[in-house]
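A single chain comes next, written as structure tokens; it is the form predicted alone.
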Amino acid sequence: MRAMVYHGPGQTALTDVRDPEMTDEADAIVRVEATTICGTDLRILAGEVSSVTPGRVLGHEAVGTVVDVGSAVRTVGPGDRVLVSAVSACGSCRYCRVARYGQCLGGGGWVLGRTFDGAQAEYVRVPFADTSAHRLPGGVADEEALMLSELLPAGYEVGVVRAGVWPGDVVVVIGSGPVGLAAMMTARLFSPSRIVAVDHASSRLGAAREFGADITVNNAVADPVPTVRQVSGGLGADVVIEAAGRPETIELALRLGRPGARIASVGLHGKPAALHLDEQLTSDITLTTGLADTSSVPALLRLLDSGQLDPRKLITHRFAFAEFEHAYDVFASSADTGALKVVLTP
């Protein structure tokens, strides 16, 4: 089969590799019919993820059709259209029992495209298929379901849920990339009074307005603090979702929140960030971090099937599988290309 293979920092290629084989009775083999590229894949190519070794098939998001299952698999079978979760779950360890699949102790967590061959391929082996592959409703299209493999759960679980968005809250989202936009879209489910989007790129702020932002602030031009204070009765934001992953945006999040604010860091950080606890000690803030567990996928699929979510707006580019290398270039140059999410079909 053809697959995108990592050959070391800065080196990847669409290559012929062996088809995957089941190695456990809980496995399933899925024929990939839609996949995508994640910002984490770019970090792998930059050499920032040491657990990914040369020869690994990349990718951890896919939709496809089950072609074979192990003897222990009960919830999906050959012929089923499924969403492959980016996070695998053994289903029985201490963390999986409380739906914290990202911390799985039984061999799951983020393994696809990291320690297992991934989903940027014609076929993928899905471990723990009963808990890691989700049968799709008949009316849900492949590419819209694909946005639920990791992107929407990241914005929803790590941002909206962990920050505890409530009706009437003033919510600030720093960073209007794909995860920030997913946070805005799903925050709307909880009826906040205002969503304020903060970004330094005017093009992304335009996208933020389409995804639910009431107010946008370009922080390359203006300090967003006065705007947030104005719409919050002078207090500051109830919730700040930091989705940019830079030291300066964590510091900005602390400035934007009111005393007692809930601040959720969703962005992937590659450098240390200062928390200034000497200043924040009396602010009574709650700061949360983490990666998506994807435990929300069944609920998000129901919202998708009922028409209450439309993640297709996140898709800006579509490519054939043979164009995978070009798709990586487009995605990596998002400042120039405007790419949010790209979809590839074999």
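All residue numbers are counted from 1 along the displayed sequence. Predicted, not measured: the structure shown is a model, and the values here were computed from it.
In what follows, reference is made to the form predicted in complex with a further copy of the same chain, a form of this protein that is not presented.
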Give a yes/no on whether residue 50 approaches a further copy of the same chain to within 4.5 Å in the model of the complex, heavy atoms considered. no
Contact label in the model of the complex: residue 323 to a further copy of the same chain, heavy atom within 4.5 Å: no
Tell me, yes or no, whether residue 209 is in contact with a further copy of the same chain in the model of the complex, where a contact means a heavy atom of each within 4.5 Å. no
Does residue 305 make contact with a further copy of the same chain in the model of the complex, using a 4.5 Å heavy atom cut-off? yes
Flag this candidate site as yes only if 216, 228 and 313 all have a heavy atom within 4.5 Å of a further copy of the same chain in the model of the complex; otherwise mark no. no
Answer with one of 114, 204, 81, 194: the residue that has a non-hydrogen atom within 4.5 Å of a further copy of the same chain in the model of the complex. 194
Which of 116 to 124, 153 to 161, 196 to 204, 175 to 183 sits within 4.5 Å of a further copy of the same chain in the model of the complex, heavy atom basis: 153 to 161
Counting only heavy atoms, which residues in 24 to 47 are within 4.5 Å of a further copy of the same chain in the model of the complex? 24, 25, 26
